[in-house]
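Only one chain is given next, in structure tokens, and it is the form predicted alone.
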Amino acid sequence: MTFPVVGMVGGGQLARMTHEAGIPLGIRFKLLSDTPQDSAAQVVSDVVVGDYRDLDTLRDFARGCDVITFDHEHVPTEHLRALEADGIPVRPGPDALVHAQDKGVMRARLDAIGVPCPRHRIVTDPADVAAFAAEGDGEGDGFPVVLKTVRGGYDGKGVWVVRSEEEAAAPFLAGVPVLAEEKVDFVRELAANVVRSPHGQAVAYPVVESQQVDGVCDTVIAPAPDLDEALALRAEEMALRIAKELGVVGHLAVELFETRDGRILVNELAMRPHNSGHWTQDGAITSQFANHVRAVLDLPLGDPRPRARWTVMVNVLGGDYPDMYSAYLHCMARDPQLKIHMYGKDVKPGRKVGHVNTYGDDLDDVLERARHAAGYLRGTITE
């Protein structure tokens, strides 16, 4: 029996963990990586080092692959259309992926299908930003306003919160379109993670709370504590509808704002495994990574239900303490149930180098264990 080859574009930690999920299934991976030192390139046996922005490189890489998928959204849309024209299955396809690549396209499409979003429009210059701010229903001049470059942003990059017309100049220096959005008065950020296969089977994970620090995901709590059951169901149904309407194949993360007046608004979309779904590695019957592999190969999807009452994921960021391995003795002895996931990256301040998962019946205990382990690995906690 010949097992399929999944071509993964991008060599980061998402590719590394997706490859890991395919190993028990006997699925082979071929990786297009920027460098041989990238996170996934350290563990995948078949690695091509090259530039995903070069069409000839992509075409050469795709030979021998049964399907192409991604650990980032940055491959040029026209290149993906060319691969499809060559007969290579691309999942998610370019018609879907463009909504995660281009925030302006995403907002327009979500408006068209009636999905609630923050007030927004494309702006042309700082004066137009001031005009957008003044169009709001709030008091005063309408500032602050959130500005985003329509392509290329992640982990807070390409995003500005501006409080005046004078502060609005920086986003336009890149020479790409800029999206203006109202600054939402939200209670917290949520995420609805779903997976959809080519023939339309779909599963939804419990809605989670995602806590950010300096624009970077720090902590994820599954399920979101004290979330109204009707609101949670609405979020899951919204994510499933977005996946269907946009033709997503694979994992879709829908990042949400829970507003103070009881609504949910879509913030961002990601069509790949996502930080808000890392808890599923140890906390769900089938992880987001395993279900992404199943989906792109059109295999039946696995059960997304949680294994424990609570699961908490905390990211491990680099600090001034590079020898994280020496911290394992303390962390593992203190919490034998702790799950540590490291990405094989050099430690740099503020860089995501791993995450930890904890689970159990007492949320306060589960949170404390996860935060202690992440802090000890980083070196900010020493006892």
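Just so you know, these numbers come straight off a predicted model, no measurement behind them. All residue numbers refer to positions in the sequence shown, first residue = 1.
This protein has a second form, the form predicted together with another copy of the chain, left out of what is shown; the following refers to that one.
This chain is displayed alone, yet in the model of the complex one of G104, P171, P89, G302 has a heavy atom within 4.5 Å of another copy of the chain; that residue is G302. Checked against another copy of the chain in the model of the complex, the candidates D282, E236, E73, E182 yield a single residue with a heavy atom inside 4.5 Å, and that residue is D282. With a 4.5 Å cutoff on heavy atoms, M332 counts as touching another copy of the chain in the model of the complex. At the 4.5 Å threshold, heavy atoms of V44 reach another copy of the chain in the model of the complex. Looking at T2, you'd find a heavy atom of it within 4.5 angstroms of another copy of the chain in the model of the complex. Taking the partner from elsewhere, L25 is found to have a heavy atom lying within 4.5 Å of another copy of the chain in the model of the complex.
Of the candidate stretches 221-229, 237-245, 80-88, 294-302, only 294-302 has residues with heavy atoms within 4.5 Å of another copy of the chain in the model of the complex. Remark: all three candidate residues (R307, D323 and I340) come within 4.5 Å of another copy of the chain in the model of the complex, counting heavy atoms only.
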